[in-house]
Structures are given as structure tokens and as C-alpha cells.
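The same protein chain appears twice below, in two forms, each given on its own as C-alpha cells and labelled structure 1 and structure 2.
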Structure 1
């Protein structure tokens, strides 16, 4: 015979501590990652999307406030900052490649990053989106920890930016190949770089799984666009506020 009263008291105790929420978050991620690998890295089964869905379903099912969950899982959230700093290492390791292709990389980087911001802004205006939403959309093509940092500084909603960034990555990784084929782009380095620049880590993982060189260029594109976009977005906002 299970004593429900006792179980309830234990639950009240556990849900107030991070232990349960950390275990739930990591467990969901492991399940999602397993599914993703089994599917041969199918982009629409992105592990973040699946694990976010899993955790959300559990919270909704047990009627738990998001704030309670976030309070418990914030140790994981905290690591986003250190992870951004850690991005210095892969960029450092690819430094020779960046230097030897500097002309092609920097011109494409500048045009691509400016274009990503501009097209997002113009489309948002076209759809008459509210300002807070536009600000959350602007940094969407760069890696999520950087995008969230930009969003926070310019007055967007960082958590919304995180999801927008995730969708951007999934779209780029799954549909990028059709764009390249349509435009008859054959150069693997160019394809990879473009994927990294426009759809960050998820695009990079996709490029890596298709072609080693493309993957390396994607990593370079992702790292550099993250850096330059964090300077370009605030600059862009200054310019349009003057105009």
C-alpha cells in the first residue's frame, strides 16, 4: 500500500531543490540525443527541440510553474556564458585557415552578416511585428549564447531569441542544401561557410556530417559571424535611429 500523503510530502521537498530539475533536464537531453543519433542526425529531430518539448510536456502534465523549473535548472543555464568564452578555442585552432583565406572569408563574412541583419529587419517591418519581437529576431543567425547576449543588451527577450535562433539553425541545416543546389554553388568551402554564418552550430554540425572541409569552414563562419554580429547589431540600431 503506497502512502500517498508521504509521497506528496517527498515531492514537495524535491521540487524545491535543483536536484530533480537538473536530473530531468539532463535525462531529457540524453533521450533526445539518442533519438537524434538513431535518426542519422536528421535536422528536424534536433536534440534541443526534442528535449525542450519533453521537459515542457512534463511541466504541463504535472502543472508546474516555469519559474519553479528555471530556478532549479539555472545551473545549466549559467554555463552559456562560459560556453561563449570557450568558443575562443575552436576559433584559435582554425586561425591558420582563417589567415590563409582571409580575403574571401572577411568579404563574405561582412556582406553575409550585414545582409542577415538587414533582411531580418526589413521582413519584420513588412510583417509589422512589434518592436520587442524585432529586437529579439535581429541577432538570430549567430550561435545562441551570443545571440541571447545581444538580445539582452538591445532590449529584446533573450529566451525568445534562443528559440528563434534554434529554429534558424534547423531551417538552415535542413533546407540549405536546396538553396545551394538551386543556385548551382559547387564549392564546398563556400557552402560550409555560408551554413555556419547563417545557421550557426546546427548548420555547422550538418556541414560537418556531409564534408570535412565544409565543416571546418562552417565552424569558422559560425565563430566569426558571432563576433562581428555582436558589434553590427547595436551599430545597425544606432544607424536606423538616426535615419
Structure 2
């Protein structure tokens, strides 16, 4: 009985310590990455997806509020900004290559961004989703910080948008390689740009792990899609309100 009380006291203490949640987050990712590598980089065993699942199961099993977990692990969330900005370095090094493909990038960017918004909206109407949920879904194809900002501005639920964005990124990064192989797409620049455009940060990380040029074009796709989507979504909402 005494041992159980001591364990309970230790558990309560650990929950209040940021280091515990940081350790849990990093440890979950290391386990997920180990599984991913042991599977010979099988796409469906994406380490981000597995680590999210592990952390979620622990929070649910021990009945821990997400706010408490986030308060302890928000340092990792803070690092997301500098990590994203750091992508400017490889982009700068490959700037001439990017400029030489600027026409293809612009056309793909415009078509891909418009298609993502239209498909999301039409499917939402088909399933008769409530307006607030539709507004939360529309920015799902850009990186989470931008998607949450767009969602807040247009009247969506930013926290829900973040979850949907994460799911979109994981699915795109996991299944994208299968789609490329099915289409017999060999060009690594095109593969990378497509992953960055459709799967944002997770897709970019996936592209970086496969090929340096693919990673650069993925970073370009992720950045530009965030920029153009932040303009297209409000414009799209104005157009459909007029129609």
C-alpha cells in the first residue's frame, strides 16, 4: 500500500515537470523512428504518425488533459518555427535550379492549391458538414502554423485545423511514394515539390530523407502553398458568398 502511494506521488510530481513531457515526446519519436527503420522505411509506418499514436494512447490511458501535456512539451512546438525558417538555407543554395523551374512551380502551385480547396469544400458539402467544420477543413493542405492562422481568421477552429493538417501530412507522406511509383514519376524535383505542396512539413521531412534536391523543392512547395493558400481561401469564401 505504501509503495502504491509513493508511486502515485512520484507520478503526480512527474506530470507537473516539463522535462517528463519532453522526455515522453522525444522517447516516443525515437521508438517510432526505430520501428520505421527496422521496417526498411515502410511508408505506412511513418515515425510522426506512430509517435503521435503512442503519446495519444498514454494521454488517454492515464486520463491526462492535452493542455497539461502541451504546457510541458511546448518547447518542441517553439522549435518548429526556427526549423521551418532554417529551410531557407538549402533553398538559397539551390536558387538557380529553382528559378530555372519557376514556370512549372507556379503552374503546379496554382493548380494544386486551388484543387485542394475545391475538393475539400465539395466533399464537405456532400457530407453536409456544419459551416464551422468546413472552415476548419479548408486550410488543411498547408503547414500547421499557417493553417491555424487562416482557420482563426475565417472563423474555423484552429485546434481542429491543426489535427486535420497533421493527418493530411501523415497520409500524404505515407502514401505519396506509392502514388509516384504508380504514376512512374522518376523526377525527384517533381516528387519533392508534390510532397511539400500536399503534405507540408511531414512531406518535406520525408523528401529530405530521400533526396537533397527533393527536399529543397518540397520546402519551396510548402512555403509557397502556405503563402498562396492564405490568399486563396478568403478569396474563395468571398466568391461563394456572392454566388
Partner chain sequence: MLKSVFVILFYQLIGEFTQKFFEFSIPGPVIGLLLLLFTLLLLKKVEFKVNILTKDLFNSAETLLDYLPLLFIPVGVGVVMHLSFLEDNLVSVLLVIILGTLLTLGITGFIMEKILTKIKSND
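Basically, rigid core = biggest C-alpha set you can superpose within 1.5 Å across the two forms. Positions refer to the first chain, counted from 1. Source: prediction; values computed, not measured.
Peer 1: Looking at both, which one would you say is the form predicted on its own?
Peer 2: The form predicted on its own is the one given as structure 2; the other form is structure 1.
Peer 1: Rigid core fitted, then: does residue 80 show a CA shift of 2 angstroms or greater between structures 1 and 2?
Peer 2: Passes the 2 Å threshold, so yes.
Peer 1: Taking the rigid core as the reference frame, tell me whether residue 48 has a CA displacement of 2 angstroms or more between structures 1 and 2.
Peer 2: Superposed on the core, residue 48 moves its C-alpha 2 Å or more between structures 1 and 2.
Peer 1: Treating the chain as two rigid parts, how many degrees does the smaller one rotate relative to the bigger one between structures 1 and 2?
Peer 2: The smaller domain rotates by 15 degrees relative to the larger one between structures 1 and 2.
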